[in-house]
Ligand SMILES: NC(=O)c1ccc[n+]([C@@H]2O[C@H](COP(=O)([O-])OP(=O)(O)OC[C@H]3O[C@@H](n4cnc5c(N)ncnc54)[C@H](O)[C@@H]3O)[C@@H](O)[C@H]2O)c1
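First, one chain by itself: the form predicted alone, in structure tokens.
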């Protein structure tokens, strides 16, 4: 098959791109490199640097494409609170621009990498697709808007669509920016360096951490599966873990001795979050294979940024 992956040089996008070329598929990647790394891509991937709102470039890249994976997005919840307009421009307007180009190019299928953040605070921890969204941040609002644009334009244009709500993905290759770093790689780095672990709130808020290979398995299966047009499906581990318990696990694995600081003045976000993955199991034959402890150990073994204690 021929694939176009927007944001394909990012953490999940690069892993998916490399998986497809390993399977013998043809992959084109569009990425503006605001956070992506082209060095993470296989030489067999056809890489183009460009903006998701560049409609002529999109139309050119879409020729003879069988399926588009739309993964280009800004993804930091705290950053979205500071810069909501930027998040709307990329995550919402970029999605609309892409869907217009897909419609005009006649591409038959698009898979959107959405987010479990859409659910916000709910009663209980398990988030099922039937729950009404309750977005907690501009980032979550932008991803919910993207879902509706993909599904609506897809329905009007006869394009098969599937939105995968990915929960807290982690694993080798996840960058650690200076501000608002992802939880797991930041905990690993701080623990290895005997640094400081800062907990927002009381640290008892829970999340569903899912290893990158499991996410890629789900994404890859979405390219040709039947009977899912217009659907939204959760992708997670199905296991709820508090930030405190996660930190203890990382410390045990790394053998570090970091200082722990609690900042009750800053919200830790929604109190509980865990993916109900029964629909993914039914529709995508999805089975998460990597439990959290194994995933952290694999991240340490496979990610070069942790090889020398960096």
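Positions refer to the first chain, counted from 1. Note that the structure is predicted; figures quoted are calculated from it, not measured.
Just so it is clear, the following notes concern the form predicted together with the ligand, a form of the same protein that is not shown.
K.L.:
Counting only non-hydrogen atoms, choose the one of 237-245, 266-274, 25-33, 281-289 that falls within 4.5 Å of the ligand in the predicted bound form.
P.N.:
Every other range fails; the passing one is 25-33.
K.L.:
Heavy atom within 4.5 Å of the ligand in the predicted bound form: which of 99, 222, 71, 163?
P.N.:
None of the others qualify; the residue that does is 71.
K.L.:
Looking at 90, 192, 228, 216 here, can you tell me which has any non-hydrogen atom within 4.5 angstroms of the ligand in the predicted bound form?
P.N.:
Answer to the contact question: 90.
K.L.:
Using heavy atoms and a 4.5 Å limit, would one call residue 114 a contact residue for the ligand in the predicted bound form?
P.N.:
Residue 114 belongs to the contact set for the ligand.
K.L.:
Residue 51 versus the ligand, in the predicted bound form: is there a non-hydrogen atom within 4.5 Å?
P.N.:
Yes.
K.L.:
At the 4.5 Å heavy atom threshold, is residue 205 in contact with the ligand in the predicted bound form?
P.N.:
No, residue 205 stays farther than 4.5 Å from the ligand in the predicted bound form.
K.L.:
Quick one: does residue 169 come within 4.5 Å of the ligand in the predicted bound form, counting heavy atoms only?
P.N.:
Taking the distances in the predicted bound form, the answer for residue 169 is yes, it comes within 4.5 Å of the ligand.
K.L.:
Within 4.5 Å of the ligand in the predicted bound form, counting any non-hydrogen atom, which residues from 126-146 show up?
P.N.:
Going through 126-146 in order - heavy atoms within 4.5 Å of the ligand in the predicted bound form - the hits are 139, 143.
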